[in-house]
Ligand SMILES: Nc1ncnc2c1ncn2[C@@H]1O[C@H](COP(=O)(O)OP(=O)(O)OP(=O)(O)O)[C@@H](O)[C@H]1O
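First comes one chain, alone, set out as structure tokens in the form predicted alone.
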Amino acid sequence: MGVVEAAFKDMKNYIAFGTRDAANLRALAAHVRPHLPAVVARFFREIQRHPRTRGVLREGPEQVQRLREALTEWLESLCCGQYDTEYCRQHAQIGRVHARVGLPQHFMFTAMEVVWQELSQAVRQADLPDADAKLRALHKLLTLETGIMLESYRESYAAEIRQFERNAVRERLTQAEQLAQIGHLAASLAHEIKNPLAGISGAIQVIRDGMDLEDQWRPILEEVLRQTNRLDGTVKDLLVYARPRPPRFQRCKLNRLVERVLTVLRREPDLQRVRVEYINSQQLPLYGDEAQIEQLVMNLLHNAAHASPDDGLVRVLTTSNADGLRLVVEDQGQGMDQETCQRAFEPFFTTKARGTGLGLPICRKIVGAHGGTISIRSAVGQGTTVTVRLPRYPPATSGGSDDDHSRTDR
């Protein structure tokens, strides 16, 4: 016996629906049948009056006709006199249809009230003997029908949710496998490229240093070195993303790490063409990997600078509270639409003419390894704000720290 059938049996016992009720309903069949077209007509008039119920009739007249025929068949079967498991199983299909077309559950109650009003009026007009007992039986049956619909609706909807979750898990696993393969390939390629690239860079530097400052070929070698350095940065990003090392936790201060990064980056052309404003709360201690946190700040600042116009403002904010520390990097650049914003953490996704699309994915890995969260808020023409929240202490699964974890430095 299924879930719906078991619920139907329980409800029959609860409202004392028995053989006498079944006999009374069977006696109503001939008197109710001539009124069924009017019940169907009112039922669909009520649906057409309300936008939320009208919305389920999306397929046009043919769908309406099918539903009218189905409703008529259901109404005719109400007074069959046989209310067993097979009856429940057939009538449970109605709730499943409601779930499939997206009918809100509370409209089942109002729709059943319409059926009750029309059928009870027909019974009273027929002037039948023992009409009250027959109406009580009809009311009990419609209560059972509502229960069947709701239970089958719930069962059907739950099955859809389970299937959706299975599909989502399967998709995530497929993506994870693909990313693992890409990561392995990227790491192999990066290792193959890294050493020859270092040799090329060193050889060019030797040739350049042996030239006169006014040599006509010197600017060309300078440009080759710049491109070689850019390629080296791409290789390093691939290695960091594909094979990240676990954080080495130690006491550090977030504000000092940010200041150190700003000191280095202010010499770079991208940061020199924008204005950087740093607002900080002094003494922001946390346990973290200094090199990884610096990489995080550096990536976020580079992104903000690239997105900003000349003389644009990049604002950096660090604060703390009882839960941990917060790092905010805000720019006033072109911003991103919702679709781009949702894809910003995807590996290799980038809107830049030059870039690997690994900056933000690396940031997310660093933040995740520290037990924190990273989020983006952006709008086209209004700039972008990236917010990082870090706990003061490493996550419990980090395997400890290189330093003493006693919490005496609050």
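Model, not experiment: these values are computed from the prediction. Note that residue numbering begins at 1 and tracks the sequence as displayed.
Keep in mind that the form predicted in complex with this ligand is missing from the display, and what follows is about it.
- Put simply, of 280, 120, 228, 340 only one has a heavy atom within 4.5 Å of this ligand in the predicted bound form, and it is 340.
- Residue 335 is the only one of 147, 324, 335, 247 with a heavy atom lying within 4.5 Å of this ligand in the predicted bound form.
- In the predicted bound form, this ligand stays beyond 4.5 Å of every heavy atom belonging to residue 373.
- Using a 4.5 Å cutoff between non-hydrogen atoms, residue 45 does not count as a contact of this ligand in the predicted bound form.
- Under a 4.5 angstroms non-hydrogen atom cutoff, this ligand in the predicted bound form lacks residue 88 among its neighbouring residues.
- Although the partner is absent here, residue 49 lies well away from this ligand in the predicted bound form, with no heavy atom inside 4.5 Å.
- Judged by heavy atoms within 4.5 Å of this ligand in the predicted bound form, the contact stretch among the candidates 254-262, 280-288, 79-87, 301-309 is 301-309.
- Residues of 20-50 are not found to place any heavy atom within 4.5 Å of this ligand in the predicted bound form.
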